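Have a look below at one chain only, the form predicted on its own, in C-alpha cells format.
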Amino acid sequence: MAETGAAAAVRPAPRGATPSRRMLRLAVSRADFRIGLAGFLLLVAIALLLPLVSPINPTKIAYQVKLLPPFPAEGWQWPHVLGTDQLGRDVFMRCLVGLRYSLLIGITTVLLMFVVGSALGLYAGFRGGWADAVIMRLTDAQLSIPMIILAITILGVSRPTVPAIILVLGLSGWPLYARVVRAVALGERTRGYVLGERVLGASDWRIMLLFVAPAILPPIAFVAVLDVARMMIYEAILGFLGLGVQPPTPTFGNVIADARKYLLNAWWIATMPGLFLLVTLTCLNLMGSALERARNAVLQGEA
C-alpha cells in the first residue's frame, strides 16, 4: 500500500550513514592517517606473507649460529638480518610470527568487545527503563575491575590458549563500547526519522538495526582502532608474564621475557620485538588520532 502524503512527510531520510562517510573522507584526507594506514598494511602484509615463502623456521634450534648480531654489526650472517637468539633461532622471523599473533588477538578481541558492547549499549539506550538500568549497573560493576587484573586472574588458573585470551580480554572490555553506544542511542531515539518510523508502524528492532545502528560508527571507530593497540599491549604483557600464547610459539611477550638475561651481551633479542611493537602501535595511533579529529570536525559541522 502506498504511503499517504502525511505519513511520508513524517519520515525524513536517516542520517546515520552520512556522518560515517564524511568522517572517513576527512580522515583519509589527512596525511597522518595515510601514513599510519600504509605502515600498518605493510606490516600486516609482511607478517602474513613472508613466513609462508621463507625457508627459515622461527622455532628451529641451531646452536651453530646462536647469538649472531643484526646487520650491520660485525659478525652478522645472511639471512639472519636481525640476528639470532640464544638458541640460534632467527629473530626477524620470530618477530613476524609474534606480530601475527598480536594482530590476531588484538583485532579479534576488539571485534568481540564491539559486538557485545554495541548490542548491549544500543538496546539500553534505545529501550530505556529497567533494561537500561540493569545493563548500566552491569557495566559499572565490570568497569570497577581492571581488565588486565581480571585477565591475569582468569588465565592464571586456566590454560592460556589464543581463544581463551581473546574471550577473557573481549568480555572484560565491552563496557566502554556499551557506554559510548548508549549515549548515541539516547540522542538518536528522539530524532525525527525514528519518530516517523514509529508512526509508520516499524518495530523497535527494525529501527535499531536499520537506522540507529549506523549512527554509532563515527564515535566508535577511533575507539576501536586505538583499542587494537591497547589489546596488543595487553597481549604482550600477558606473554611476558607467561600467561599468553605458550612457547615454542613466539610472541612479543614471551620473546622479550626469554631475552631478559641476555640484555647486556645480546640486546637485539629483546629490542627487535619491542621495535616491531612500537612501529605497529605508532601506525594505529596515527590512524586513531586522525579518525578522532575527523569525527570532531563532523560533529562541529553538524552542530
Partner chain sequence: MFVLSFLLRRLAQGVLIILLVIFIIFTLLRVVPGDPARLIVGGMAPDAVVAEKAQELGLDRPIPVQFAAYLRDLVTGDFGRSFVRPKSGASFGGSAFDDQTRQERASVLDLILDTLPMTLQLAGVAIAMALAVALPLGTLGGLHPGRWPDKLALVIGSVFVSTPNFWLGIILTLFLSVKLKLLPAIGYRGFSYTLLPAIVLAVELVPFILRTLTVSVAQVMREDFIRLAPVRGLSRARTVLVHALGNSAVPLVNLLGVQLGMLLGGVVIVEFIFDYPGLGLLTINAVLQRDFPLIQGIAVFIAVMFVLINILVDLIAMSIDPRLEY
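Since this is a predicted model, take the numbers as computed values, not measurements. Positions refer to the first chain, counted from 1.
What follows is about the form predicted together with its partner chain, which we do not show.
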For this session: Could you tell me which one of 103, 213, 143, 224 places a heavy atom within 4.5 Å of its partner chain in the model of the complex?
Result: 143
Seminar exercise, completed: Checked 44, 37, 241, 56 for heavy atoms within 4.5 Å of its partner chain in the model of the complex; positive is 241
Problem set entry | Every residue of 77, 107 and 115 near its partner chain in the model of the complex, heavy atom within 4.5 Å | no
For this session: Just one of 228-236, 89-97, 69-77, 115-123 has residues with a heavy atom within 4.5 Å of its partner chain in the model of the complex, so point it out.
Result: 228-236
For this session: Answer for residue 148 alone: is it within 4.5 Å of its partner chain in the model of the complex, judged on heavy atom distances?
Result: yes
Problem set entry | residue 51: touches its partner chain in the model of the complex, heavy atom cutoff 4.5 angstroms | no
Exercise. Does at least one non-hydrogen atom of residue 293 fall within 4.5 angstroms of its partner chain in the model of the complex?
Worked result: yes
Exercise. Can you check whether residue 206 is within 4.5 Å of its partner chain in the model of the complex, heavy atom basis?
Worked result: no
Seminar exercise, completed: Checked 267-291 against its partner chain in the model of the complex; residues with a heavy atom within 4.5 Å, sequence order, are 267, 270, 271, 274, 275, 277, 278, 281, 282, 285, 286, 289
Problem set entry | Distance trend in the model of the complex - C-alpha atoms of residue 223 and residue 145, change of 3 Å or more | farther
